[in-house]
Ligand SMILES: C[S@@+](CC[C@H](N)C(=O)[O-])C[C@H]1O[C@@H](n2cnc3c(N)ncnc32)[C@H](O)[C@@H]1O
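Presented as structure tokens, the chain that follows is alone, the form predicted alone.
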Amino acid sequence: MSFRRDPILIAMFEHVTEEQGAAYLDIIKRDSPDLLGEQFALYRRNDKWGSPITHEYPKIGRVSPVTLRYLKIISDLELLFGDLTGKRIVEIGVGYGGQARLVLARWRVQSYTLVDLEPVLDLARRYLNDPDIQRPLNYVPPSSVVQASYDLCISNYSFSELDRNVQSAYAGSLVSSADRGYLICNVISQVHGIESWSKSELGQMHPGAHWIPEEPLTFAGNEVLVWGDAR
């Protein structure tokens, strides 16, 4: 199965460049070098399936730059929120499940809820159907989203790209009730003819939410909306 080489999926999920991967790796080395130690073998298992495009990086060998992006986000989550063991996590926009795999490799969480369109969830179900991955995993399509409480809400660009009506529904049921949040947001929705919330509206979703820079910056205007952090 070579789904990570499919042109459509590359455009959607696998478009991180070799150079961006190197930038993510430099940040991991600076902030969380332990992630590149013995446990790194668990994280690079993300490249075992789907035949991703990989590159050779100093001291760690061949790895997908997308996996390095996911691992840099693990570093961010740990620096911002500490140990996530026992937490209830919801991810909005899950791709094939790569970010979930790395979170579940790092921490034994209470639950992990994946929210996306049904065809995307079908791919994530197959990808995460691995006995080494802890349970429970909850797969929730938009039609089944209900009010729930979470300890952490994650979104890698997806939430900021949604139609504002969907954003309103998700904000009320998933985001506003989460004690912590990490949402990488971009400003490309209008390029695709989608009417999404403005940066100001996004920033008002949760009391105490604030913006931090996206590092490395992958597109002009990108920032990360964070709340409940230790900063």
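Keep in mind that what you see is a predicted model, and the values were worked out from it rather than measured. All residue numbers refer to positions in the sequence shown, first residue = 1.
The discussion below concerns the form predicted together with this ligand, not included here.
Although the partner is absent here, P136 sits far enough away that none of its heavy atoms falls within 4.5 Å of this ligand in the predicted bound form. Among heavy atoms of L79, none comes within 4.5 Å of this ligand in the predicted bound form. Although the partner is absent from this view, V120 contacts this ligand in the predicted bound form, with a non-hydrogen atom inside 4.5 angstroms. At a distance threshold of 4.5 angstroms between non-hydrogen atoms, E161 is in contact with this ligand in the predicted bound form. Considering this ligand in the predicted bound form, the lone stretch of 53-61, 196-204, 162-170, 40-48 in range is 162-170 [heavy atom distance within 4.5 Å]. Shown without its partner, this chain lists L71, I89, I92, A100 as candidates; in the predicted bound form, only I92 has a non-hydrogen atom within 4.5 angstroms of this ligand.
When this ligand is considered in the predicted bound form, only one residue from L104, A124, V115, L152 comes within 4.5 Å through any heavy atom, namely V115. Residue P142 is the sole member of 133-153 found to place a heavy atom within 4.5 Å of this ligand in the predicted bound form.
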